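One chain is shown next in structure tokens, namely the form predicted on its own.
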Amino acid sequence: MTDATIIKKLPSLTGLRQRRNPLEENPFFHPSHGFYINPSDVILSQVVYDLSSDSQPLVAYHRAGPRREILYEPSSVKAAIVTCGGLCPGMNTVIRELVVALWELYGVRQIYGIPAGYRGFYSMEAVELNPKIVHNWHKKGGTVLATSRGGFDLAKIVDAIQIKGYNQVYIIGGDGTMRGAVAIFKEVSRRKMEVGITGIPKTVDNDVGIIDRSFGFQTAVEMAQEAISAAHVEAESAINGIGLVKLMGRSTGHIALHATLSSRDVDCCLIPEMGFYLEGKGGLFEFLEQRLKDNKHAVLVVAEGAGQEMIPRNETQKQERDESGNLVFLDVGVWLKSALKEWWGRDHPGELFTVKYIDPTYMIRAVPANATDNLYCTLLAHSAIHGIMAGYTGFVSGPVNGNYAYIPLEEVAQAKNEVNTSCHKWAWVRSVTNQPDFEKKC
């Protein structure tokens, strides 16, 4: 490390006594030399640097993993696990691995699932969990604990944590959930409660910043390809057929981008980070007309957040928000299908034309995790437990440049992972689809 290295500090609990890690006696682990993580081990946030520049500070995060010394007496741990927000492949795997690892690795016997998201802390009875109960959960989609949006009442949540005696809280959710976790951590700290708070970021859109990717994302891309393949068959089997697929991505187009690169059947990919227009030279209609002329069919992929500013809204729709406070999006797929049919009917009256619209949103997010995401969820859960048992709090565990790190919760809650349309990956999309840069009107 150089003098310009910035190591991100992690909050730690101060009122607990250090003790030997029980993994030392665990018959299944047999810790060997190098098994425990040294306090000085860090993960660099970037692995690519411009050596001609001396003004770039190195940012590093503490490396995730088991510590030789821990601060919790396992028999005194009372852990709470909660899932919030929308569904995502792998949620049940994370819950299962948290329960199994707490029980089998550290000997924790008081583990509770909080039903129905944040509101479950103060409005519902917790569910006692053990390895036998969660044994097959990783094979199921969704979350067995149930989830919901909204219901975040900070005082009631922290009161419930205090009254019920939880001293470890594992919070699984997206960016809104992570912002809630930050508020819980700060309130717990203000009350001087010895409670470890950790977030496990969940978003099928892959829009959480700093970490390499969110769990469930690779499963989502895999499932999205099935929808694209169906759209391709439908389009190819029609005269002037267009297969239109809407994929998840409120503010980022990662699923649409990766599914486009993976399938190679897509003629045009529209994402929130890149504007587009319909009419005129260089517009979407002109591009699709030429593609239909050349290939007799086309496949169009659109992320749900793309083109929202172009869809007509009444005054009520402009103000409508969901339970998480997000603007309610209108269906860009339905709007685009209607616009395409209106354009063709106007410019090509009497000619055959069909648009087959496929929206696989709930199919994608409700499936069980694939093998890659299942492994990822296991490592996330184990990393979170090792961190909390070591006394860290207010953190997120996740891969940074392929290595698992502990990142301050507030940083993750504020960071966004958007598609960089100036990067190589978007250039690959353009080379695969041969679509124009719609933002540059000719």
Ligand SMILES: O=P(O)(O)OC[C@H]1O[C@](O)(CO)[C@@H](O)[C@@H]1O
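Keep in mind it's a predicted model, so treat the numbers as computed, not measured. Numbering starts at 1 and runs along the sequence shown.
Beyond the structure shown, there is the form predicted together with the named molecule, which is absent from this document and is the topic of what follows.
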item: Partner contact for residue 258 in the predicted bound form: the named molecule, 4.5 angstroms, heavy atom; value: no
item: Contact test in the predicted bound form: residue 250 vs the named molecule, heavy atoms, 4.5 Å; value: yes
item: 4.5 angstroms heavy atom contact with the named molecule in the predicted bound form for residue 365; value: yes
item: 4.5 Å heavy atom contact, residue 149 to the named molecule in the predicted bound form; value: yes
item: Stretch in contact, per heavy atom within 4.5 angstroms of the named molecule in the predicted bound form, of 131-139, 307-315, 101-109, 202-210; value: 202-210
item: Residues from 224-239 in contact with the named molecule (non-hydrogen atom within 4.5 Å) in the predicted bound form; value: none
